[in-house]
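One chain comes next, on its own, written as structure tokens: the form predicted on its own.
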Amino acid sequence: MKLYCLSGHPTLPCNVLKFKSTTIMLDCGLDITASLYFLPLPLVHSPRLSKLPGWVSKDGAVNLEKELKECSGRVFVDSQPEFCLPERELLDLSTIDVILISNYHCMMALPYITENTGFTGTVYATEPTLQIGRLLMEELVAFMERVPKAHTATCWKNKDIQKLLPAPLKDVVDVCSWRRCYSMLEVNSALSKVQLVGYSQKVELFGAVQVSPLSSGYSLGSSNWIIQSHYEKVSYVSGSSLLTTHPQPMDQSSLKNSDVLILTGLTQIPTANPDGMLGEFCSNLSMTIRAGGNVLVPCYSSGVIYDLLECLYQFMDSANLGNTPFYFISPVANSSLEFSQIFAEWLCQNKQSKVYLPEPPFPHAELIQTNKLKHYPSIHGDFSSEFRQPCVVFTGHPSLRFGDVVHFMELWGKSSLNTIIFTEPDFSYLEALAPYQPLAMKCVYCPIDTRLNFHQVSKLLKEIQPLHVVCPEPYTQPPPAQPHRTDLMLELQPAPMAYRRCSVLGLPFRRRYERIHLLPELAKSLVLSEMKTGVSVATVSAVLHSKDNKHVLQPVVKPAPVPPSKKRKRVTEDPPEVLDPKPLLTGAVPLEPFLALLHKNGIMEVKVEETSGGHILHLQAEDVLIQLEEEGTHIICDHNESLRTALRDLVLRFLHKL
């Protein structure tokens, strides 16, 4: 069993497991942090960004004025943002049989994997994961297609040129794996390969293994996966949460008795408490609104935004914010808000019960009905005529490199009355703000990440007790910025197996057993011999038939006798002769009774030597050695066949024939 690691990002995993003749991809996360090296894509013409000077090396030897621009003391790539793909050269992607998706954030690279690679397999995901994943992909494509770039910057990626660039561009790795965004045609083709599954549903793969999704408690439809055969079990834990939020709670008990547990997707902010961050979010928002400023919240169109809106729903009236408008701007804003209300069976019990009252599970439905929350596909159209300030705007993208958020950064960035509040933990807020400096608006960092922290995962592993744990390398050492914090790493016995991008791990367990079925007619013919109470054995002569990883023992069919004929026939090979099996011997030869039997038969001079596996008896007068071991008995006797036969018969007295 091997694990191929195609992504080094701990929370955006992409691994391939080879298990019992099946090749299974576990997630296909897309690393969008590469977009931070690019200039923002403004929806409205930006005089500031359009007049940036091009970059030329100090000695004038390298001139990349068309590809690189100097902005706020940094150098950025002036091209459509690109993303870091999972490694595609480590193994042939056309050999992948199935892809298991754990949550909608971990499927964003799917079109790069399934399209133009020869992939012919099946993708398994829950319905909310598929539908919300589709929305996130549609949103990403829309962000890119609304602001097309005439050219693509490629020269700067040349290794000889890149090492001459200023930091951080010269230190970027894997730039050759960066690609522009896919198209909607590729998105639709990739998602057509998805087969929907429900929690605890068992899916059989080629008769070799069964896979089954379990609730992970992180987001709508998010899953951990069990991959098991009759005698082996692998658990894949990715993006899980024990906090009580809107999804179904995490199923922990089904993860017990795992031979190997592959662990990814822990919290990116282990020192931040989500409840504390929500409180800080609300207090900073209210202070800004009271001072007459606007609040900008860069966010994804699904996930934490549901919890933020619910928190604000409870907070607004007590903070006297009842008249403050809230705007949610995204190409998929309407679909996202509607989907969250219709996936009732994937919600926690508290929200499920509201459906039968009937009430909407999430309070943002009431906010929309009372016009306190308005949603728009973009800043153009109705929004521009209905927009009023001060207000709170939720929009994407959290990287601040594309989407409607770029317009609000240019519009509000010059006023210290306004505040931008970062809630998504995927991007460094300082890197995100870099091309907008100097910035007058206030910046607040309130990352909300409900995934498991190191304390929670250590407690979980003690309860489910897997034999071996496999995890990303960063989880096995303290954070580089806090080398003294050994509590922010996994300390297990045995030590976890760590992986990084492009590594291949041999997982530490061997297949020992296979399940084989006997046909009824063969079972009837068996003659059982009782070895001890409750244990009987029988010899079997049969034909082993293997197909689709199912093994069946069938009776040996003896060929019918061929009647004699006077005609000359072409010489053909005779069918193999079926011989009656030799009797099998069981039991052990006890030392003391065997020595007594030898003495009784006139063999007196016996020297006994103890070995690691048993004993060696040296019959000195006869010059014979007898090895008594757990796995067999050997008689070494040269040029005296009658003596060897007599000793063999003495040994057989202690053994049983089957």
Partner chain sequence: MIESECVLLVQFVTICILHCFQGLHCDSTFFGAMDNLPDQRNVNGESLLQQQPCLLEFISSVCKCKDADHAILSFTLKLTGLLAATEQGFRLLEEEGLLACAFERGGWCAPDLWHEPSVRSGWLQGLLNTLNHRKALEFIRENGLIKVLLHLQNDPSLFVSSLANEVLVNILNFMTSSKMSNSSDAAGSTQCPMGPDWVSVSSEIIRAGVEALGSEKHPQVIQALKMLSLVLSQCGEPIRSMLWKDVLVPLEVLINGGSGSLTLPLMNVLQAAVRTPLLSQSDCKVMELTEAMLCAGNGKDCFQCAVLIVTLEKCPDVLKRKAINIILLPLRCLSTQLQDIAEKELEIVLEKQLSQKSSCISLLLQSLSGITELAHTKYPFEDLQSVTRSVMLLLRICSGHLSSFSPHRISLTHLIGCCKVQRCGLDTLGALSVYKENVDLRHEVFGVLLEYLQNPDSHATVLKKALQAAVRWIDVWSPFPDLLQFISRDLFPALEKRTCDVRWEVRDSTLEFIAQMTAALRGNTGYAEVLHTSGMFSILLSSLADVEGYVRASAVGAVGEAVTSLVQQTELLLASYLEEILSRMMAILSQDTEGFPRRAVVKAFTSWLKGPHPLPALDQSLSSVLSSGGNDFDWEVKIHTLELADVLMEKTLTCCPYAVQISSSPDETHLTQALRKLKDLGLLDLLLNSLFDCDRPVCEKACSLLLKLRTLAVDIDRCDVVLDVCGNRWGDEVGSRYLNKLQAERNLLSIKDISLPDVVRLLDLDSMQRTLTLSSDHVVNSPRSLMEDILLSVQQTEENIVDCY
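Residue numbers count along the first chain shown, from 1. For clarity, every value in this text was computed on a predicted model and none was experimentally measured.
If you look for the form predicted in complex with the partner chain, you will not find it shown, but the lines that follow are about it.
K.L.:
Is the partner chain in the predicted complex close enough to Asp251, Lys256 and Pro425 that every residue in that trio has a heavy atom within 4.5 angstroms of it?
P.N.:
Checked in the predicted complex: no contact with the partner chain for any of the three.
K.L.:
Which among 266-274, 515-523, 493-501, 398-406 is in contact with the partner chain in the predicted complex, heavy atoms within 4.5 angstroms?
P.N.:
Stretch with heavy atoms near the partner: 266-274.
K.L.:
Exactly one residue in Glu386, Glu431, Asp487, Glu127 has a non-hydrogen atom within 4.5 Å of the partner chain in the predicted complex; which is it?
P.N.:
It is Asp487.
K.L.:
Which of Thr324, Ser286, Thr450, Asn294 has a heavy atom within 4.5 Å of the partner chain in the predicted complex?
P.N.:
Going through each option in turn, the one that passes is Ser286.
K.L.:
Hey, in the predicted complex, is Tyr313 touching the partner chain, heavy atoms inside 4.5 Å?
P.N.:
Although the partner chain is absent here, Tyr313 would stay clear of it in the predicted complex, with no heavy atoms inside 4.5 Å.
K.L.:
Would you check, heavy atoms only and a 4.5 Å threshold, whether Arg290 touches the partner chain in the predicted complex?
P.N.:
Taking the distances in the predicted complex, the answer for Arg290 is yes, it comes within 4.5 Å of the partner chain.
K.L.:
Taking 4.5 angstroms as the cut-off for heavy atoms, does Glu345 touch the partner chain in the predicted complex?
P.N.:
Outside the cut-off, so no.
K.L.:
Whether Gly279 contacts the partner chain in the predicted complex should be assessed with a 4.5 Å heavy atom distance threshold; does it?
P.N.:
Yes, Gly279 sits close enough to the partner chain in the predicted complex that at least one of its heavy atoms falls within 4.5 Å.
K.L.:
Going through 308-342 from first to last, which residues have a non-hydrogen atom within 4.5 Å of the partner chain in the predicted complex?
P.N.:
Residues within 4.5 Å: Phe315, Asp317, Ser318, Asn320.
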